[in-house]
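In structure tokens, the next block holds one chain alone, the form predicted alone.
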């Protein structure tokens, strides 16, 4: 762990083993924090806050950019750690490690550029005027899941640090290694001690302490919806600021006039990227009937071509699932769907061969004609028109991302206006851009990451009246 700028161990001596999902091999061990170590990290962040907040945005940006520059020099090292602990292909890990650096650079530069501004407000009283100024919140607790640990870490710490907050990060207990290394590099690059800390341990212990501790003023959480609801409940007594990026069941609507090659490519990437372990993964496809057979054929062909292999294999396009339990749950959902009459079009089983014996691999799988009562979330359904597709898409309790494929601007506009989601991609692969706000509706959470809008969730706006000066 990293507490107050230094490597830290658990007082109890407890450790957590990190295993490679592709081989089962022990990669490393890390200290397992308890309440005491978590409080030490919070206290370090709290002590560092006044001086960090007092720095000019330009000076904070200099230090953040220096740390990001050092991290950029170690991207290959960080990416290998991420692949070994999480399982994703090395190519994808390199992209994610670079995205971490880019996110730090984006918000450091934004803060230093003067783009983050308050307001001058004329008042009705003669001789006085008003200002609205931004102030940092204080200590931020960043709770990160295992599927995209570096991207989701950056989404929280980049705007938090750029705006003058200090941070205690808690990565998932199965993927802490790449996070710890990046925090070390950011600190070596010049961040003052205590500004950025990382502790590892169970959510019920470390996470709970971050959420409940009175000196933590903001929680940024990404994870499943049920846990997010508990985060809200536990944070309520201290009236903490909370941003929740939760689960999704993202729909893709394919109209009859769509470019089916574009749609099939985006759907295949949107579903199989990171072995489907993404909150933004496309989980339901609604295709207008005249295009259904062709689209299904193209998606199936892409699924069958995907190279399933351990993440360190240069040819790997899809690695193992992250945990044994995750694969078993997928198998239960698939069996339930097939038992209810769904059709299996591709995959559907564990791959054979010595390369797959010890890992949590599962073939890229496509099913169609899935009954609505089936437990599996993935569904290719035929619909008669756009209205039915949008209605079916909105039946979910989730509202994170959505996609529509059409050459007709009017149909695209209908989908944009009516799909209940925080993000809609039109004829596009699902990529969340730093320039645009990202966040869900309904049970997919609230609050924004990315864009300048995220800064509203890591600062307070303070009103000032100036008179007689």
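Positions refer to the first chain, counted from 1. None of the values given here were measured: they were computed from a predicted structure.
The discussion below concerns the form predicted together with a small molecule, not included here.
Contact with the small molecule in the predicted bound form holds for all three of 145, 203 and 246, each having a heavy atom within 4.5 Å. The stretch from 352-360, 333-341, 146-154, 69-77 that comes within 4.5 Å of the small molecule in the predicted bound form, counting heavy atoms only, is 146-154.
A single residue from the set 171, 251, 141, 319 has any heavy atom within 4.5 angstroms of the small molecule in the predicted bound form; that residue is 171. Proximity to the small molecule in the predicted bound form, taken as a non-hydrogen atom within 4.5 angstroms, holds for one residue of 227, 365, 312, 396, which is 227. Within this chain, residue 107 is remote from the site of the small molecule in the predicted bound form, having no heavy atom within 4.5 Å.
In the predicted bound form, the small molecule lies farther than 4.5 Å from every heavy atom of residue 187. Contact check for residue 100: every heavy atom lies farther than 4.5 Å from the small molecule in the predicted bound form.
By the criterion of a heavy atom within 4.5 Å, residue 419 is excluded from the residues contacting the small molecule in the predicted bound form.
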